[in-house]
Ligand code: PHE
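This document opens with one chain alone, in structure tokens, the form predicted alone.
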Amino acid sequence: MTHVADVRDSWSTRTGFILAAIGSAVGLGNMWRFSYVAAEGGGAAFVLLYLLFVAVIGIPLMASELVVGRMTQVSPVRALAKLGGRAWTPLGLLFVFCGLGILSYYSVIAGWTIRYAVDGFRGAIPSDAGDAGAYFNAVGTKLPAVGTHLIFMALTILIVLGGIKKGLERTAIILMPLLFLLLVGLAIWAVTLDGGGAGYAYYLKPQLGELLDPTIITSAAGQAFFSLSLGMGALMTYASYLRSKENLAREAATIALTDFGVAFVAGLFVFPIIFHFDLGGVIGLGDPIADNTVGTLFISIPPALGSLGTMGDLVVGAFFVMLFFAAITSAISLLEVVVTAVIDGWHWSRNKATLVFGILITLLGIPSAFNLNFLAFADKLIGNVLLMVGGLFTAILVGYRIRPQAEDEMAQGLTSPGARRAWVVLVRYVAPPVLILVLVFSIPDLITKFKTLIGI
């Protein structure tokens, strides 16, 4: 008897896989969090450190996830049990929990992009900064937020129901080029803003003394990890649908560097806006959402752009359409992690797994729509701490438990034995201590978010 899980879909083209994997990595964090953390971290000093950590942590760990996925051709839960034994099953379950948990609140934030895009083109977002917070509270919480959350989740479920070729791959092939075009267009428009030169100088001119600042180093390492969709099994799941012997080292580098490129170009749009409208003070906003980034994104920038009149309204609308594209391509990868695990583990059909768990995730997201402190705590717990744990144990699995098999799997891309040894050194000896350090730095903020949630 052939189980449902035995009839496995696959990517039709390498381009489709690459664009889908980039779409998984590129999310709201690239469009604003990168620029926000860079602003806090001294601009160019942070950018240089970020690029360094992408090279020494991001690409090696991404290659590790791709190795596990292609080697096993199954979901992360079964893959880790297959390679490491039953003791590694909890790590696979952690990936599924992270995908389920992150999507539940990520969809709420993504739903805001739908409302802001529509209202931006309509010129309905207040141009007065004093009214922007009231507008956000009116459309970004409670029933209005539940409504856009439902719309976004319905779209996510619909795409995943289409499967790999007709759902995930087709969506990535259409939306990712559009995202790139919108981003480049917005960055070119930002050149026309008065005072933008000061923004570029801050963003692109490194202060060498800040390269040794432990806080900036930790922030750069954390952002490099977060922005690449590592530690949640998404890329591992996508790689499980690879049939041909792709060059995994090349694919990891392509995905990681494109992800960095998107974040970098987004900074070329954001920093001129910050300096043109004198928004430097927004870094200190006391917004309840994680790191103030979403509060700045939805409360500070839209009214500033809206003050430019019709052109500002068009820019706001285009900006949030771009954010929506980034959000939906990341959301489908999160749901796919859960769906693939259910298909492989319980032998459900794709339709049943997608509908049942899509609806479950939708229901789990409702508390985040009503309580932004709950959203902030969930983001810090899952999006920061648990992802770090997932990435740490992935490095241990590939670097120690299955190192010989992993090296063999990488041999096609890294033909030089020395290059493969260097990859193993990064996975075994560099990634784990850096991840542990960032994890330790994340704990105090998690405790703060928890105290805020319970009212202490």
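For clarity, every value in this text was computed on a predicted model and none was experimentally measured. Each residue number is its position in the shown sequence, starting from 1.
Below, we refer to the form predicted together with the ligand, which is not included among the displayed structures.
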Item checked: Contact test in the model of the complex: residue 368 vs the ligand, heavy atoms, 4.5 Å -> no
Item checked: the ligand contact at residue 402 in the model of the complex, heavy atom, 4.5 Å -> no
Note to self: Even though the partner isn't displayed, in the model of the complex is residue 438 close enough to the ligand, meaning a heavy atom within 4.5 Å?
What the structure shows: no
Margin query: I'd like to check something about residue 25: if you look in the model of the complex, is any of its heavy atoms closer than or equal to 4.5 Å to a heavy atom of the ligand?
Written below: yes
Notebook entry, point to check: Of 42, 29, 60, 413, which residue is found within 4.5 angstroms of the ligand in the model of the complex when only non-hydrogen atoms are counted?
Noted result: 29
Margin query: Between 362, 330, 300, 171, only one gets a heavy atom within 4.5 angstroms of the ligand in the model of the complex; which residue is that?
Written below: 330
Check: Of 179-187, 343-351, 222-230, 153-161, which is the one stretch near the ligand in the model of the complex, taking non-hydrogen atoms within 4.5 angstroms as near?
Finding: 222-230
